[in-house]
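Only one chain comes next, encoded as structure tokens, the form predicted alone.
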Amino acid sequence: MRFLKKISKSDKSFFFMAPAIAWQICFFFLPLLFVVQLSFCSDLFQNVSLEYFAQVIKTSHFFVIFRSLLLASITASCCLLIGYPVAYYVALCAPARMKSKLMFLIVLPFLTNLLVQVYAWFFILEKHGVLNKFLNFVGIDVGHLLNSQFAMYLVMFHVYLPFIIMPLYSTLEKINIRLIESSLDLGASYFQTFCRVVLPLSLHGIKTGFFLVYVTSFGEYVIPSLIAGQKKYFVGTLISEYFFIGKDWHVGAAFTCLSSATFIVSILIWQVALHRLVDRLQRA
């Protein structure tokens, strides 16, 4: 009680955070704790062993993790390369009266269910779909687009692009346009102004958007299953196999922990790589 009274006097906003904290504890930390104990214990917090990890430490499982890391890296990188110019134009170049309309078009996919978007791509990419008919019309025969890696990456890019534009727009909009004008007036080129003024000021938005896409696309289940035709396993599909089809919860939990640990290491590597890239561009 003393603790609660102390908090109520020092920071009343704590109580407004309490529902969010309780939600996080109940639906994130407790399930996470349950998954970790499943991977180590054959009974509830008893009989601790590394038996289940020994079953998942295989070359084939590391290939699955690497495939998901590659999927997440390519999706996040493509979204950043395309999303940054879009966010830059909307935030700093577009007329004020057009910004709300452009932002509405960008967030429009959020208003549509993911399955509806995926099945819409089905009709576009199938053998007799719109895209194949157009390519055949111009004399290009690409065969079956559906159930291919290209189709999977294309749909991943389309679905996750708004996730990176939103934080980038939020960061770029806060940049004082006079800083850019001053840099140009002092003789810097557009490229130098971008590298030494705009890019460092938008680094926070770059990292937020990049990792938002990277984290969510790593465990993607729906798009690889429906668009890529389940030809290859990814982390999300393999975890689903263990938990819901094989009913082998302990091995599934061990693989979840192994893939999560590898994923956290990859995030640290990307964090360092992004900082070094920005530093190098600043010196250009």
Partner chain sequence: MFHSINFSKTMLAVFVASVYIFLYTPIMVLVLYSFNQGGFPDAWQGFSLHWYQDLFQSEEIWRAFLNSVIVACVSSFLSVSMSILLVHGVRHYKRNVVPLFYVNALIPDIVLAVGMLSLFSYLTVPLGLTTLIAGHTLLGLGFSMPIIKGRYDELDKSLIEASLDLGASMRYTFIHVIVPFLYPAILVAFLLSIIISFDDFLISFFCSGSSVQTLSLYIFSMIRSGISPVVNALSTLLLIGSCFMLFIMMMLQRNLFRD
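Residue numbers count along the first chain shown, from 1. Rigid core here is just the name for the largest C-alpha set that superposes within 1.5 Å across the two forms. Every value quoted in this text rests on a predicted model; they were computed, and no experiment measured them.
Another form, the form predicted in complex with its partner chain, is not on view; read the next lines as being about it.
Asker: Given a 4.5 Å cut-off on heavy atoms, tell me which of 69 to 77, 149 to 157, 134 to 142, 197 to 205 is the interface stretch with its partner chain in the predicted bound form.
Answerer: Of the options, only 149 to 157 has residues within 4.5 Å of the partner.
Asker: To verify the annotation, which of these, I239, V251, A228, L258, has a non-hydrogen atom within 4.5 Å of its partner chain in the predicted bound form?
Answerer: Looking at I239, V251, A228, L258 one by one, just I239 meets the 4.5 Å heavy-atom criterion.
Asker: My question is simply whether P85 lines the interface with its partner chain in the predicted bound form - judged by any non-hydrogen atom within 4.5 Å.
Answerer: Residue-level check for P85: yes, a contact with its partner chain.
Asker: Is Y190 close to its partner chain in the predicted bound form, meaning a heavy atom pair under 4.5 Å apart or at it?
Answerer: Flag for Y190 set to yes.
Asker: If we define contact as a non-hydrogen atom of the residue within 4.5 angstroms of the partner, is Q24 a contact of its partner chain in the predicted bound form?
Answerer: Because a heavy atom of Q24 falls inside 4.5 Å of its partner chain in the predicted bound form, the answer is yes.
Asker: Given that its partner chain is not shown alongside this chain, does R178 nevertheless sit within 4.5 Å of it in the predicted bound form, heavy atom to heavy atom?
Answerer: R178 lies outside the contact set for its partner chain.
Asker: Check for me whether its partner chain, as it appears in the predicted bound form, comes within 4.5 angstroms of all of I57, F210 and L281 - heavy atoms only.
Answerer: The answer is no: none of the three residues contacts the partner (heavy atom, 4.5 Å cut-off).
Asker: Heavy atom within 4.5 Å of its partner chain in the predicted bound form: which residues of 115 to 136 meet that condition, in order?
Answerer: Contacts from 115 to 136: L115, V116, Y119, A120, W121, F122, F123, I124, E126, H128, G129, V130, K133.
Asker: Any CA movement of 2 Å or more for S260 between the shown form and the other one, core superposed?
Answerer: Result for S260: no, shift under 2 Å.
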